[in-house]
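Before any questions on how it binds or moves, here is one chain, the form predicted on its own, in structure tokens.
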Amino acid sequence: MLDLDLRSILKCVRCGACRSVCPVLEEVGWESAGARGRILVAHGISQGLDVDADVLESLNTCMTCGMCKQMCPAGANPTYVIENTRRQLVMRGEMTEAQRKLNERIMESGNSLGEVSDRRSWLSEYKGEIKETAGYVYFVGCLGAYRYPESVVATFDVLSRFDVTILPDEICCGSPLIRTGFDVDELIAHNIEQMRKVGAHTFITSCAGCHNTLIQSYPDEFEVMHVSEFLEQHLPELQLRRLKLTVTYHDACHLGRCRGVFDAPRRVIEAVCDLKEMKTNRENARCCGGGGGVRTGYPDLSLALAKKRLEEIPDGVDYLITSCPLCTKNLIEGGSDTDVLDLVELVRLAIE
């Protein structure tokens, strides 16, 4: 029997309110693919239910988007239950092959992509100087460093105008492993040591997953800001010019719903151009389908959910703006007809 938090499990009164908001349940149709079903599975495991492939699929197709928690009238937190159950199963060696490979990849390479090249190779395109010490550190993230170097260069070009530097030897923050049930103490200890070396007091992130993890799992000695929050504070100093564009904005789950960062990116956008909201937005925004390990373990499901989100793009916009590289990746691969642009890339256009 696993050591699960039964208090959290039993808060679920089986009312089914979460059925109306779970994007995975909407797509798959099976009760076990929704929050209520997953809570029942977790409870069954706590009572000795055998763990087979169907049980693992039920638990691991959750994107941890938090819609169920937001809508629960009983105050249950299905995301916590699911992540805790995943962790307990991993501790006794019960996991999918995708989970196992993800853990190996990150622990061996220091990044979620398994890349062996220099994480800071994007600096070859950056023309400025790197401060050895600073109060703020731009935490680049795995996807930014290896898949979107142009966005990273644009971001650091803007941030380096202030008291901001980068870590000498950044590695994965641990978000993908926390979501899928693994221990990340080694990763956290490494990044914390790097922070102390540069004398920084605050992380700045441009990834929603990194942002949530740095707040949730790292020591309280460091502040954490999303880059949109930092830019909002410094809008007068940026002296942005107005662009003749209309854009829409996708709220990343781990930035918006999980951390309440809704206004800062919108204020930055509105300082630059016109904003036209997606059909669902702010705390009600649909997930892009990339979170919780779903993009890695169930790519077809992930892309189907991305396509659903793309259907909500309003007519007459020039760009779909994101605040997370995982959202960017999933929405592009989901087949967006609208160009997808990172928030700071939009700001960079208004500076030039």
Partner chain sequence: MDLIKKLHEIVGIDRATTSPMQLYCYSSDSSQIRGTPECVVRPQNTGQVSQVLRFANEHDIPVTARGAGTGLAGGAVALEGGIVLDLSGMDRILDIDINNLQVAVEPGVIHSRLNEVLGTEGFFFPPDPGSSEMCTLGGLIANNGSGMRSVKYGTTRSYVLDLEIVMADGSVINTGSKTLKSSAGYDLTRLMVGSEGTLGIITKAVLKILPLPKARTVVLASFDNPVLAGEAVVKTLSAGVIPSACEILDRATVEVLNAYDPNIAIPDAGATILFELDGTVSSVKEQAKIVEAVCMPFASGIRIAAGGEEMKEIWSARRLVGAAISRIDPNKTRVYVGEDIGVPIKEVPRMLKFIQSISGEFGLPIITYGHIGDGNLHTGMCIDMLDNEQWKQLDLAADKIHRTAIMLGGTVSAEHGIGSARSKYMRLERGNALDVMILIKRALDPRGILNPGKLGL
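Positions refer to the first chain, counted from 1. This structure is a prediction, so every number in the text was calculated from the model and none was measured.
There is another form of this protein, the form predicted together with its partner chain, and it is not shown here; the text below is about that form.
Enquirer: Looking in the model of the complex, any heavy atom of I313 within 4.5 Å of its partner chain?
Expert: Close contact is absent here: in the model of the complex, I313 is far from its partner chain, nothing within 4.5 Å, heavy atoms only.
Enquirer: Do R36 and its partner chain come within 4.5 Å of each other in the model of the complex, heavy atoms counted?
Expert: Yes, R36 is a contact residue.
Enquirer: Is there a non-hydrogen atom of P299 within 4.5 angstroms of a non-hydrogen atom of its partner chain in the model of the complex?
Expert: No - in the model of the complex, heavy atoms of P299 and its partner chain never come within 4.5 Å of each other.
Enquirer: Does the 4.5 Å heavy atom contact test between A304 and its partner chain in the model of the complex come out positive?
Expert: Result no; A304 lies far from its partner chain in the model of the complex.
Enquirer: Please identify, from 319 to 327, 287 to 295, 305 to 313, 42 to 50, the stretch that has a heavy atom within 4.5 Å of its partner chain in the model of the complex.
Expert: Only one stretch passes the 4.5 Å heavy-atom test: 42 to 50.
Enquirer: Residue by residue through 71 to 99, tell me which have a non-hydrogen atom within 4.5 angstroms of its partner chain in the model of the complex.
Expert: Sequence-ordered list: M71, C72, P73, A74, G75.
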